[in-house]
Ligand code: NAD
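What follows is one chain in structure tokens, specifically the form predicted alone.
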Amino acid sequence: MYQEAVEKAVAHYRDLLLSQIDRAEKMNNVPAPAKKEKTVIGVVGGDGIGPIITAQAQRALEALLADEIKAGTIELRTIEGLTIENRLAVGKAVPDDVLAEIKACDVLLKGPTTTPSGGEQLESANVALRRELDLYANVRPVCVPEEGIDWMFFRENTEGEYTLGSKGIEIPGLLTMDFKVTTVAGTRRIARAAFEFARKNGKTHVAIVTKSNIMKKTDGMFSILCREIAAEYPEIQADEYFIDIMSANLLKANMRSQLQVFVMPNLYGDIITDEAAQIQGGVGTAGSANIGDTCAMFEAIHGSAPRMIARGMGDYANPESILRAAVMLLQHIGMPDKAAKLTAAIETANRTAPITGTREGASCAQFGDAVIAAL
């Protein structure tokens, strides 16, 4: 009864498997990045509240980098077209012309983009960009000093459930299957990124977060390879936690100060960093870095807030998350002093122009004005 559907599924799976083998082999042959005289920063607005909040981060970068822009060592380049309307019109997660513009940049500051849910609709633009640019390390800091929280999350960004998330198998009327992918090279490089960060920043503990007791092949290999990398860093204690208990541990006051650096597969990292951001003050307060060997993308960790737009409240969206992403961008391109200035300006704006998400609080533009004034 289902023989034809099974044969189609088997052929589909074969193609997927071959494509993932090819991807895994290419990871071992990444060319070293060429040195450039000018750093091109692409600014992508995105959807919903994306252009609103990104405009304020662009203002801050223009103010901080005015001398470098004038000297021609840095260029801020606005990239249009990564909108849900344009992506649906051409049927691609990232239109070809937009992708070409993005690939011509060294780093990106990107606003949130909308991803349609369910069915055979578009793949996430974020997932597509992470794959196309090989941005394998999603790095998210969370800091609440008064509660002893100083966390850095390293989430594998190109594999797991996300790499084939729109390419599952369906037996109509009976079942569906999606796929989770873990490669040796992909796991080793995210593990090394986490342990290198720990060593360079004087951290003494790395938490390896999996569900290897259930996902024995994928998470099992992730666990084994992380421990192999950990053995190269004897000064750092590495412990494995299951994702469910770690989600609970983030809420335990007596555990918080013991946790420092985390490394984990894609889906778990997506979920648990939102939980951590909520502890910090909400997803609107957290920035995110997506880092590869030749390119990097910095963004807010939240979505495009379509309900906020529908209520006519987009102008009251909080730009702190994308401004925090801009801080990480400045750190990445070797400008820690300017990153520190922007951090201080954001903290000042939180006091002088607090955003509440309502008309009683400051607007997004007013918060941006306060940041510029503090700079």
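Throughout, we count residues from 1 along the sequence that is shown. These numbers were taken from a predicted model, which means no experiment stands behind them.
The form predicted in complex with nicotinamide-adenine-dinucleotide (NAD) is left out here; the points below concern that form.
Looking at nicotinamide-adenine-dinucleotide (NAD) in the model of the complex, residues His205, Ser212 and Asn266 place no heavy atom within 4.5 Å of it. Contact check for Pro306: a heavy atom falls within 4.5 Å of nicotinamide-adenine-dinucleotide (NAD) in the model of the complex. nicotinamide-adenine-dinucleotide (NAD) in the model of the complex comes within 4.5 Å of a heavy atom belonging to Pro112. In the model of the complex, no heavy atom of Ala326 sits within 4.5 Å of nicotinamide-adenine-dinucleotide (NAD). Put simply, Ala317 is close to nicotinamide-adenine-dinucleotide (NAD) in the model of the complex: some heavy atom of it is within 4.5 Å. In short, of 317-325, 36-44, 62-70, 333-341 it is 317-325 that has heavy atoms within 4.5 Å of nicotinamide-adenine-dinucleotide (NAD) in the model of the complex. With the partner removed from view, the residue among Asn126, Thr187, Thr273, Thr163 that has a non-hydrogen atom within 4.5 Å of nicotinamide-adenine-dinucleotide (NAD) in the model of the complex turns out to be Asn126.
Residue-level contacts in the model of the complex: of Val98, Ile301, Met221, Val107, one residue has a heavy atom within 4.5 Å of nicotinamide-adenine-dinucleotide (NAD), and it is Ile301.
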